[in-house]
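So this first bit is one chain, no partners, the form predicted on its own, shown in structure tokens.
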């Protein structure tokens, strides 16, 4: 009887073990085009010429999140805002530096000085903060009163917004700044350059999507910087983005500052 019970137990254990071994997750990372289309519809960013890179990035993302297919991911991000934001963060890059394409910033400084009144400036996208902070430093360096301007920076990448608020940079980010400016506006800390509060207080960062209807709720602006964003859009989306930004101007005759690569 004991032997029979032991045999039955052994047989059951083998059976259960066999059943567990049959549970195999089948991955399907074949067609990334629905993800690409969804991402374009939501953010305007197109990967038409970078499908291989997109597929690799999304596949890695899915495996990190224990998502077995692109179809499952697509269904999930439609309802899960946190997961959607994580995907956005993984697919958008924010490499920039202070005083990039500085001639345009100089032109803005001249316009602000001539305005002789408080102005609101939009920086879209703001990435990790170098551009809006560059604008603030340039204005202060030109003698513009700190009470005469405020900058709003927006970006769709939550990691970038977090880094912008912390304002801690590496040497490569400040490589265009003179030692004098670095000494005045930054504190050095173990190889990092920490921006002082006197600059940070002039910028408000918001996690926002240009194409979301809520975007227009942030108000209108005297000057708008939107550099090196349109390069990620196709022609139709570029024109749509341009139209949205133009609607955010207080003065409809004021030109928007676009990047040299943002061709229409």
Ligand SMILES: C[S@@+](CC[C@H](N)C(=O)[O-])C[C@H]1O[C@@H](n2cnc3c(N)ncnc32)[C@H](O)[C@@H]1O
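This structure is a prediction, so every number in the text was calculated from the model and none was measured. Residue numbers count along the first chain shown, from 1.
There is also a form predicted together with the ligand; it is not shown, and the following applies to it.
Contact check for residue 153: no non-hydrogen atom falls within 4.5 Å of the ligand in the model of the complex.
Not displayed here, the ligand is approached by residue 228 to within 4.5 Å at the level of heavy atoms in the model of the complex. Among residues of the shown chain, residue 189 is not one whose heavy atoms approach the ligand to within 4.5 Å in the model of the complex. Taking non-hydrogen atoms only, residue 211 approaches the ligand to within 4.5 angstroms in the model of the complex. Judged by heavy atoms within 4.5 Å of the ligand in the model of the complex, the contact stretch among the candidates 73 to 81, 110 to 118, 124 to 132, 172 to 180 is 124 to 132. Exactly one listed residue, out of 205, 29, 233, 61, brings a non-hydrogen atom to within 4.5 Å of the ligand in the model of the complex: 233.
In terms of contact with the ligand in the model of the complex, the residue from 195, 45, 54, 67 that brings a heavy atom within 4.5 Å is 45. Contact residues in stretch 67 to 98 (any heavy atom within 4.5 Å of the ligand, taken in the model of the complex) are 92, 93, 94, 95, 96.
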